[in-house]
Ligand code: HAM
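In structure tokens, one chain follows: the form predicted on its own.
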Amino acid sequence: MSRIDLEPVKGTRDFYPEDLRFRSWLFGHMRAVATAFGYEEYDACVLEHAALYIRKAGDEVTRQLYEFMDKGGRHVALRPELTPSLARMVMARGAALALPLRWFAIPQCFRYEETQRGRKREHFQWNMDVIGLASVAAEAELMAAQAELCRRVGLRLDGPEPEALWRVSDRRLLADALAGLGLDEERAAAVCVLIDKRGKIGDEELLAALGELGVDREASRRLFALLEVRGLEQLGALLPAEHPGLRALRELLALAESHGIAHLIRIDLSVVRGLSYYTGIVWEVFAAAGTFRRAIAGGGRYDRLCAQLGGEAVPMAGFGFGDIPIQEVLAELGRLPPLPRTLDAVVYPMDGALIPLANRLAARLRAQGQSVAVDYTLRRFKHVVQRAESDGAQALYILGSDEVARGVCKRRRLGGARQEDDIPLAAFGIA
């Protein structure tokens, strides 16, 4: 038999304990922020109906599916994102759900795409969504939660040069421009997906692709000019004051002020987001320090997703915040936290006959809430001490024949000042 490939499948990751410590640390902060904002955790199936993701508008996610026919003849896919599953779950419960809902999740998602720095074929993603609230207050709250997470993990958001910025637009602005070109809703959505790739494929390739959708070069260049608009002042000069997109952005900035994040928001019409189901405000959180100047998170409003899936329209807004980009940013800035293994104690029986006693002692210590490992190796004492200290143990309980005969065990404090004392075994309720 040939030897198996020891590397993980291309674009995926193994998580050794030291890697999982970072993941657990990051997820802990994500859960703490979501809970602090009053959100409840949920999850959905990793294996989903492929129809949830197959859209005529040509989303990249449709082409990147890990999809197959299962043994029952069902067309299924590994979830590339969680939002459609959320919409399905909301539709399944219907009127039984008391809206609005605040839900969050940390799903693992899969996309068959080109791997690069900050992007793999699987990733974990922190999702927070507000269901059943049409107000822009939802988007403002979601951005505030993202900012809180950034601060918690070590990004500096105050002062003249914040290390993350929120670039915000509204899909209705581009949608109106596309409607003015005579594009129906389906083709307009496909154009939005294409324009989202502008920074990746270049204008000439984009012009050709837009031409295939019926947008000539002159119209495309007018669209490009619209994408260059920055700030409310520029935008206000182009649109009537009552335009719903402009009105929503003004309201968002006012609410962002109340959350203390208005200084982080940049109105930027080049932000489109590559999913066709967005209907209103969209945004991306960009790293503004180091060399990883890319989006680390994004979100938007998607009020018609449930209707597109065959149900009743429900106002919904949410975001996705991936684990890989933020780790890249923190690593480059030297902000990854030290996360050594932690262990309260190690119990060391010096003789095989003392292993049952060691197990009983470890059980008593665990009952006190301590994390305790028993070293069964019977190695030389110095090796036991070295391993216990390398594992982060604070104390080593030593069971030797002479000590046990006297009814005690030795407890050695580990670390800089190694101190030993005798502890009666009776203190643990064992003899």
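Keep in mind that what you see is a predicted model, and the values were worked out from it rather than measured. One rule holds for the numbers: they count along the sequence shown, beginning at 1.
Only in words, not in the display: the form predicted in complex with histidyl-adenosine monophosphate, which the text now covers.
- Note on the interface: of 352-360, 242-250, 335-343, 119-127, the segment with non-hydrogen atoms within 4.5 angstroms of histidyl-adenosine monophosphate in the predicted complex is 119-127.
- Heavy atoms of no residue among Ala177, Asp268 and Val282 are located within 4.5 Å of histidyl-adenosine monophosphate in the predicted complex.
- A single residue from the set Asp303, Glu185, Glu257, Glu113 has any heavy atom within 4.5 angstroms of histidyl-adenosine monophosphate in the predicted complex; that residue is Glu113.
- Only one of the listed residues (Glu148, Glu81, Glu163, Glu141) places a non-hydrogen atom within 4.5 angstroms of histidyl-adenosine monophosphate in the predicted complex, and that residue is Glu81.
- Put simply, Ala225 is far from histidyl-adenosine monophosphate in the predicted complex: not one heavy atom of it is within 4.5 Å.
- Proximity of Leu275 to histidyl-adenosine monophosphate in the predicted complex falls within the 4.5 Å heavy atom cutoff.
- Among heavy atoms of Phe319, some come within 4.5 Å of histidyl-adenosine monophosphate in the predicted complex.
- At a distance threshold of 4.5 angstroms between non-hydrogen atoms, Gly298 is in contact with histidyl-adenosine monophosphate in the predicted complex.
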